[in-house]
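Presented below, as structure tokens, is a lone chain in the form predicted alone.
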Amino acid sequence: MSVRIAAVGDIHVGTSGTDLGELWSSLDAHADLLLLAGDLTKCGTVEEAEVVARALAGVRVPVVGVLGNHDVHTGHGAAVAAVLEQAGATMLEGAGCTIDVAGTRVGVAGVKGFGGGFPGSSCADFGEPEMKAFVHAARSSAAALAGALAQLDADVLVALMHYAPCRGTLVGEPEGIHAFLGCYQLGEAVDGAGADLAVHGHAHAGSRRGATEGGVPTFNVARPVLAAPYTVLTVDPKRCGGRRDEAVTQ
């Protein structure tokens, strides 16, 4: 049986605006679970998180999410996550969870992630303390993702993050800002764990589909890219671990 995964990020909800509750109200007819790829709020306030929480109240499938850079902007990321968890979402940061979909175990490991770039144009752990701290943040986040993925025993293994783990989904964004949109260390974590699927947001002008260096199908689900309330990724568990490019369709 195929697993239908709805996913979206970068909805940037303020204290007023689009009625996401209405847009997500029939999601269960099209998907078995919903992944939220960060930047769920505009500025990371509890009030904005409460608007998202009200929208989640009408979602009748399991919801798993990570925070994005907007969600931590005011320094209240933990409070934002707590509001969403009270609404029924499982919020991940260096952790994983397993969801049973009609007997298929779907494991999701999540982190916010960080920037740093990709081979040929990446930041180096050298020089000023500020640069070393930047690179350390990227490496630490990737290590947390790798650890969370390694703990999961699942039929379908999904890596969920806000920042991108590969270049392919950044096509369309200016190359000069790729180092601020993702990093290769996240991709190494995804590949090292043998994940079946990677999902991220953050790249508003990027491309929908790419792949890590190891060939793991990777989807940019930023709402500006989707131009829709969510996309549905259909995963065939029988093909996972084999022809990965054929295991996931959108």
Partner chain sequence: MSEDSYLGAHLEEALAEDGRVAEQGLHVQVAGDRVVVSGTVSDPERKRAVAEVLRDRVGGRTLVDLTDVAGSGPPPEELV
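Because the structure is predicted, anything quoted here is derived from the model rather than measured. Numbering follows the first chain given and starts at 1.
Although it is not shown, the form predicted together with its partner chain is what the next lines describe.
> Within a 4.5 Å heavy atom cut-off, is residue 54 in contact with its partner chain in the predicted complex?
No, residue 54 is distant from the partner.
> Check whether residue 214 has any heavy atom within 4.5 Å of a heavy atom of its partner chain in the predicted complex, and answer yes or no.
Result no; residue 214 lies far from its partner chain in the predicted complex.
> Would you please decide whether residue 234 lies within 4.5 angstroms of its partner chain in the predicted complex, comparing each non-hydrogen atom pair?
Yes, residue 234 lies within 4.5 Å of its partner chain in the predicted complex.
> Does residue 14 reach its partner chain in the predicted complex, with heavy atoms at most 4.5 Å apart?
Looking in the predicted complex, residue contacts with its partner chain include residue 14, since a heavy atom lies within 4.5 Å.
> So which bits of 185-199 sit within 4.5 Å of its partner chain in the predicted complex, heavy atoms only?
Heavy-atom contacts within 4.5 Å come from 196, 197.
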